[in-house]
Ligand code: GAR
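As structure tokens, one chain now follows by itself in the form predicted alone.
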């Protein structure tokens, strides 16, 4: 079974979305495990449910503490649990910018509206006042700006005649319980999904000048230099030749560099069958916490080693300054 992502869930109350996340994690090959439930309220009912399920809990009242100090204590508990992601589930605290930035791309929230509509509070009343035909809920990445991060998934909920904010909220809550576990599992599981990894790699590779994609020996490959004279600078390998790796294959500067990378960082690099003999390195993509800026750097470097001089001349000149 593939390694599961470790998530910490932050709550302030009953924790019904937290419960939905926990029970979904117990069904089938879910992509995550809940390793911590933490709260700013020691009396939050959700903590008892988590404890009954054998999940570690942490609680610290925020009263009398600065926002930064309380955030630091919550974050320390998250790191102690070795969580890779933070999932907010009715956590009624605005987090400090520094905390959010440290977890950029690794912190998710669910909001009871069809974002970007109705950020903040009173979402259901605002939807009713506006005469909307539908309300709904959105899962999004957390950013310093309130409810403004990338939307990962949404569910629409119809507004019916006679709805009140309370009746609408009760139906939206049902939608949340279905949406949140699925959206979290899909997001944290992307590091082991070949199609998601290829899509992200393709985005970076095809952004480079004069590149195209062409299959080679059954693998997607990326070339530079034109239809007739183009050279491959990268390949996408999905567990080829018996390896467990989904990987980017890129050019190194020498066999010595390749062997040094594999020896010093075997959790990141490997010598691929066939291509390794020519100095290509495998960079493992199906692992948590891949640095995609580093992947982009490898692609740029490999592209440059294969690109014709007319494309690299200006870069060579810039490097002399």
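Since we're looking at a predicted model, the values are computed, not measured. Residue numbers count along the first chain shown, from 1.
Keep in mind that the form predicted in complex with glycinamide ribonucleotide is not shown, yet the notes after this line are about it.
Peer 1: Heavy atom within 4.5 Å of glycinamide ribonucleotide in the model of the complex: which of 249, 135, 110, 95 fits that? Just give me the one.
Peer 2: The option sitting close enough to the partner is 110.
Peer 1: Could you work out which of 25, 300, 312, 16 is the residue within 4.5 angstroms of glycinamide ribonucleotide in the model of the complex, going by heavy atoms?
Peer 2: Checking each option against glycinamide ribonucleotide in the model of the complex, the one that comes within 4.5 Å is 16.
Peer 1: Can you work out whether residue 173 and glycinamide ribonucleotide are in contact in the model of the complex, taking contact to mean some heavy atom pair no more than 4.5 Å apart?
Peer 2: Yes - in the model of the complex, heavy atoms of residue 173 and glycinamide ribonucleotide come within 4.5 Å of each other.
Peer 1: Does residue 230 reach glycinamide ribonucleotide in the model of the complex if we count a contact as any heavy atom within 4.5 Å?
Peer 2: Result no; residue 230 lies far from glycinamide ribonucleotide in the model of the complex.
Peer 1: Residue 225 versus glycinamide ribonucleotide, in the model of the complex: is there a non-hydrogen atom within 4.5 Å?
Peer 2: Outside the cut-off, so no.
Peer 1: Spell out, yes or no, whether the shortest heavy atom distance between residue 90 and glycinamide ribonucleotide in the model of the complex is within 4.5 Å.
Peer 2: Yes, contact at 4.5 Å.
Peer 1: Taking 4.5 angstroms as the heavy atom distance cut-off, pick the stretch from 216-224, 96-104, 173-181, 197-205 that is near glycinamide ribonucleotide in the model of the complex.
Peer 2: Single hit among the candidates: 173-181.
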